[in-house]
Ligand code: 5GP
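Presented below, as structure tokens, is a lone chain in the form predicted alone.
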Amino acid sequence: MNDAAFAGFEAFLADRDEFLVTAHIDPDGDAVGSCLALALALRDIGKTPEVVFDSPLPATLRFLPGASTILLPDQVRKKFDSAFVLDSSSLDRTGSVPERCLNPGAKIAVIDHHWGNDGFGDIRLVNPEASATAELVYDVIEFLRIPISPEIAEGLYAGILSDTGGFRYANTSSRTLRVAARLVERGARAPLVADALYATKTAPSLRILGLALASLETRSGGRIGAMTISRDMFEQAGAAPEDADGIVQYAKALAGARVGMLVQEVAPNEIRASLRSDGTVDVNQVASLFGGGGHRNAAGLRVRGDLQRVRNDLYEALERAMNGGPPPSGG
């Protein structure tokens, strides 16, 4: 992208000192790494950012530099006039953060890589060809000539590693690998990040994984692998919803599965679902039927309803998507 695509961010920063930094609900490695890296960069040039998420941080991401400073909306003591919204295809994907933490008419700068981005925000850098929002945040920081410290590099590297599945997914380009290499050169600890994301689990997360694996079932002739976690299962494991982060990959790993699905009852009548595809099924389109979103190969959603009913509705929507039929209305 040429410099004109980034110039708006320079003016946005010049006129303001305090910023809210946020991303989508149920934040993943790209959302968290991108927000923390940007906040660190803003502090390095004398700005005052506050990173706020609508959902608690998964335990696997608490190693990231700056993670201890992240707030939930009820911990924020003021409202902001300016915000960076990262890794979100629409403002409502950030949950209650805008309503609770932004003043009416607040100016919003958007950095995102989702195909379905709805065009919100006053200043925008949206590039679906990027492997991760972290790759775009890297570009913005470089354009602004902010030195990339080891801490900033580590957040950005974690974002890229997370959204490429450890450089396994099809969104891993040669440029992605070049950016990752530059971040390692600037201090990102590649082995530590990989270990934290993929090889370190808490006891509750392992217990809920065991229960989820026991729930594994297939549909559509084995083309869909699905797992279900009820509130009772969370209580039995002593786990919270964030402890189930990443479990959907096991459903997708089932031999012959084109789609993996994890459906969780995170609160009474509140259902969260994660979808993963091998590329032959657009799970972003399916998730959008239920008010969710994401990417073609990875998407999520939250709805109100009964666990079994939502699961069955998702099965129907996925089977229709696989068979090329008209999508159901969703919900």
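This is a predicted model, so every value here is computed, not measured. We number the residues from 1 along the sequence you see.
Although it is not shown, the form predicted together with this ligand is what the next lines describe.
Novice: Picking from 85 to 93, 174 to 182, 209 to 217, 99 to 107, which part of the chain touches this ligand in the model of the complex when contact means heavy atoms within 4.5 Å?
Specialist: It is 85 to 93 that comes within 4.5 Å of the partner.
Novice: Taking 225, 252 and 311 together, does each of them reach this ligand in the model of the complex with some heavy atom inside 4.5 Å?
Specialist: Negative, none of the three is within 4.5 Å.
Novice: How about residue 298: is it within 4.5 Å of this ligand in the model of the complex, going by heavy atoms?
Specialist: Close contact exists here: in the model of the complex, residue 298 approaches this ligand to within 4.5 Å, heavy atoms only.
Novice: Look up in the model of the complex whether residue 258 has a non-hydrogen atom within 4.5 angstroms of this ligand, and give yes or no.
Specialist: Because no heavy atom of residue 258 falls inside 4.5 Å of this ligand in the model of the complex, the answer is no.
Novice: Find out whether any non-hydrogen atom of residue 29 is located within 4.5 angstroms of this ligand in the model of the complex, and reply yes or no.
Specialist: Heavy-atom contact with this ligand at 4.5 Å: absent for residue 29.
Novice: So, residue 49 and this ligand: in the model of the complex, are they within 4.5 Å at any heavy atom pair?
Specialist: Flag for residue 49 set to no.
Novice: With the partner left out here, which residues of 105 to 134 have a non-hydrogen atom within 4.5 Å of this ligand in the model of the complex?
Specialist: Residue within 4.5 Å: 114 only.
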